[in-house]
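Listed next as structure tokens: two forms of one protein chain, kept apart as structure 1 and structure 2.
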Structure 1
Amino acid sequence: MRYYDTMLAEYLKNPGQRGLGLDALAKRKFQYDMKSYDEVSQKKKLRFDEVDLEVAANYSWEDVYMTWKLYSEQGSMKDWNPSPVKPISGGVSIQKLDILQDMELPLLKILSDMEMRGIRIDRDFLKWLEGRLEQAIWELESEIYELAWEDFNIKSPKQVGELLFGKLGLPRAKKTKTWYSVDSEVLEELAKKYPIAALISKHRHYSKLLSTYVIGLLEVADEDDRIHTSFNQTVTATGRLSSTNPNLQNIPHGDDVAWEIRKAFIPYREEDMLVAFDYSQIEVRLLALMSGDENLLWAFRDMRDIHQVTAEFIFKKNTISSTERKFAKAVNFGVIYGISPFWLSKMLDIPQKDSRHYIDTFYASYPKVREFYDTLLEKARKTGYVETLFWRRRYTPSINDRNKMIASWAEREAINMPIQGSNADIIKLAMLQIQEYLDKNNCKSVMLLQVHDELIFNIVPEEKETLLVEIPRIMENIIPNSSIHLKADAVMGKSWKECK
């Protein structure tokens, strides 16, 4: 073994745990208080090369010694991967995988390279978009003040609340300690009937786009116009990667000005292309595979649109409108996340009795999904954890809590994790295998970003034809001999926006 990571190992032992830094682990495991960097550097007044040599040596010695103690204490990670083969529904068996050694540690190098190379932005376009947003915000403010008959601080929740609920007498919703809430949920509900609320909501949206995604990106771009995000392996409880400083997994998409931000992400060279390789409906496919439900499996084997199929079950007809398909799509993904009728009704803006009917119809149409979830929850109550296809665990200590609300929350986490966690494992394995292919073939094309179910590459012209075939092939064959086919789509363009 060439390298090891005590934080990754500790995270895998209990991914729901917080405080995985060396100082916190030393305190929790060995009751040892390490010297902080603030203490050594006099609250960062000194650079490390200016610190007294003896103080610096003791600080460094502590780091080395406590890392060794953690490594020794953690031991082999194989004791919680007990079986050599994991049989799943549909006649598929997954060979044993050591999550630390076979996935997370090899991924460190790939993520490090992605962070170092960064993704290029069009600085001039972002500056143009900055001006466009500033103009739009100014115009919105004029409209808002005209409807309010007064000027006020639109960025102040207190002043917005006083105007909407005090002066204008709009219906009040959630109460805070000092006044009534004007959070996004409240404003969106009011916006359906009151134009001023819609304008304030849009003002907030544009202001966030400007500060976080336009000015924010311009501030962190380097002299080569590249953005260098940090990918985090030890944050989410399901195994998904996260991105910070800046968060490139949260770049807006959709319509309106938000969509334009993705236009700012461009290839390294004029002749190169950005290509997004995206898993299609992977979580519903995994639900079909793991539950073994015949109707779900049939839909994917027969190359049917799964949202259309679910809509046909729900609405009892073959001709489905775009709205009905949208409802069915929300049900398909909502069930995977353990959504309740209440939250589905809020999401779709429909009566709760209708949302309950949609969910009940889903389970009646795909009966083995209910069996799968019931078995999963029963096992979680007995063992205290759930697992992905590849043995990644998430512990659910609250699932037997006497408080029904706490237990219900743990049940939703337990339902969600095997699907979402398996999805995370699959895309990580795809990244490893793709990088192995790129290295073996001395490719000049490089991986730039991982965003949920999507991998984004900078592709050079001479490799485009080959990689548009080989990368989807690798992604689609992560689960060998599967009873259904994983599907990866490739879309290329001269910007990230065009890759959708």
Structure 2
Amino acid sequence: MRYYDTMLAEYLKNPGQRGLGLDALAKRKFQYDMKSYDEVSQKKKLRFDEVDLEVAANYSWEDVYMTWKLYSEQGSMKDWNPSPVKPISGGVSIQKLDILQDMELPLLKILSDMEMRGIRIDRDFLKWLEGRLEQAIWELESEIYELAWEDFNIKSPKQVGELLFGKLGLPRAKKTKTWYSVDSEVLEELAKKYPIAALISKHRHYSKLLSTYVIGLLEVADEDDRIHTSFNQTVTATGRLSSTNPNLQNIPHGDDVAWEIRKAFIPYREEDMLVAFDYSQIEVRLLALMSGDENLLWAFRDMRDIHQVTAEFIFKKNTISSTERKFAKAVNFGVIYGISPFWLSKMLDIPQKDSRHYIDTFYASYPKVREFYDTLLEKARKTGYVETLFWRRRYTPSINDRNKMIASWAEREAINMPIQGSNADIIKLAMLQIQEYLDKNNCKSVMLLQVHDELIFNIVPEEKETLLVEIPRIMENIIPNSSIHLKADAVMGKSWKECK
């Protein structure tokens, strides 16, 4: 079946823009005001099948005609993205594919199937968790009121601030736009001396889990105990998906009660398993691939722990403590996001002199990473855009802004996009190839979720052995003849919690 989507086409031309719907595009491109459904249905009083036929027809032709007009105008992606082959490191080239025709449009069908399928939850377990959290929150509440000598709304940052910094006179730390911050960082610091801060912190944590996850998920589960998220394909600036109603891409996995939330996600049938397949350290691997840095490439070729390797460079020794590894990990990630020494020092709670040294040493150890970023920024300043491995494009025109803050913000966007966006390209291609494999082999196992660098499946017992091998194999071989080895791990369990 052939199909097309004007919204996807427009998104790919410029993923930053809003107003990609048919109405907005008709207005923007053809100065045409489409009739609203409100007009036709007399302010939603009528269902569409109750609308007078002539009125309905008069409303419908616009959708058809405007879609066709846009389709004709948009044409093929090749018109605006002409280069045929992209040279990357190690003499490897990536054959240009048309990301609309060969990636996003086929993915649309897969995402739609995933949404309709839904993921099963254990409603009874969530109900039980709801009661337990309510009880815990209620107890915390009384303790807090006792220490505060008054009742107030603990969920109101304003009232918490007034109590802590006003009535109780606790030391103030950082500011928000309007007053003094009472976020978790501040509360944790205060909690060292003042028990009430620890209690408020815990209350926050439990309230978050209860309202967003327990109640939130129970509210949207259907009569078959399944949750159907919406995967949005035209929201992010980098090419990632996003998930709403509910967002299933930010389910907690903290080390305590938060983990319990994931216990509620279960396979369709008693005998099935949930399996999570995730790309291991894909962003640093992509940095190695795209920069062509030999030291990074060697580290992965030798199957080294990349944070350990960076730590060895930074601290110039072979025995690395867990703190040193943690620091190196923060540096590895920080570089991908274009972090400043200031922020890194704050994050690691070390002097700015040290954090600056760590970042400098990183670039000295992986010299081609700096070259890669220099070239990237130079090109972004000249052309106004950056691109992924598979030619997805993001425009960052403000990189030439006279305001230095605005320009450096755009620089960080430009630095991050090729990595985050290539990651998105790769997992999207993996989803296509995996689905193709499942179809070809008449598999009963199905894809349920995508969480940026991992895929969650409902696996039936008779396919377990094969798919646990085949799916990672497909994921690892998305880039043909690559100088870098992509690594995919599989973890299975009777609930999402066990897939860790």
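Structure 1 provides the reference sequence; residues are numbered from 1 along it. In this text the structure is predicted, and so the values were computed from the model without any measurement. Just so we're on the same page, rigid core means the largest C-alpha set that superposes within 1.5 Å between forms.
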Form selected (criterion: the form predicted alone): 1
After fitting the rigid core, is the C-alpha of residue 346 off by 2 Å or more between structure 1 and structure 2? yes
Has the Cα of residue 191 moved 2 Å or more between structure 1 and structure 2, judged after a core fit? yes
After a rigid core superposition, would you say the CA of residue 106 moves by 2 angstroms or more between structure 1 and structure 2, or not? no
In Å, how large is the C-alpha displacement of residue 156 between structure 1 and structure 2 after the rigid core is aligned? 2.4
